[in-house]
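In the form predicted alone, a lone chain appears below as structure tokens.
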Amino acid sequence: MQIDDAVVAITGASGGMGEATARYLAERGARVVLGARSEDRLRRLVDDITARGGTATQIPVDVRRREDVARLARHAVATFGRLDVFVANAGAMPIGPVDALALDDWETMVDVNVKGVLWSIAAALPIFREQGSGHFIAVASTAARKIVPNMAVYAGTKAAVVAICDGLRQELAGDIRVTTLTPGFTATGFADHIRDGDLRERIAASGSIAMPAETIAEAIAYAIGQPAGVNVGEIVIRPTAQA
């Protein structure tokens, strides 16, 4: 698939990896369809992309609401006539020890990280099927591969994303591409979600080794830009200093 002229929907697009991906792809000719909860930030991003000669549109999206995610996919088709790539990027990371019993945080991570991906699949897949082509990309985490204290629930949600997307890839083989992106420490303000002050400071300190968000954007572009007969099933990318 050529990135130039591709129609790409991105959730969690108002900051971090989503924003970086929107900018990177738009600079290379993609028409980006952006969704996130912060409509003001989305508008500013769309204005900036268009001012630089790119093509972008946005609607507010909370991935916990399946109708919001479906509306994003429909908006892409209504605006540009098709949907070539759907990037399920939105994520939540209010990590902490299981013993803290932060049930609301657990629910948030399941709703955003797991259900948000499922609602994204449900929104994109019928369009891809009708078109006869498409590429679904989900952002997981290296937490799915290496379990550490204070990240058990978060890791569980990201492991679920890896499992769901690899199963989907196998089911759709030959018709529709599916890629799981598994990034390590990335400079996205991820520590801001953490309620425990000491844990937040420790995690923020590890940010000194974090990759720039543009690294993730480049990896997504790499997966999209492969020839039609090539599917990059998973990309694991982490800072060299991350164990």
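The structure displayed is predicted, hence computed values, not measured ones. Start at 1 with the first residue shown and count on from there.
The form predicted in complex with a small molecule is left out here; the points below concern that form.
- With the partner omitted here, the stretch from 46-54, 171-179, 26-34, 61-69 that lies within 4.5 Å of the small molecule by heavy atoms in the predicted complex is 61-69.
- None of the heavy atoms of S208 is located within 4.5 Å of the small molecule in the predicted complex.
- Although the partner is absent here, F128 lies well away from the small molecule in the predicted complex, with no heavy atom inside 4.5 Å.
- Residue contact check for M93: one or more of its heavy atoms lie within 4.5 Å of the small molecule in the predicted complex.
- Within 4.5 Å of any heavy atom of the small molecule in the predicted complex lies no heavy atom of S120.
- Proximity to the small molecule in the predicted complex, taken as a non-hydrogen atom within 4.5 angstroms, holds for one residue of I137, A124, A155, V112, which is V112.
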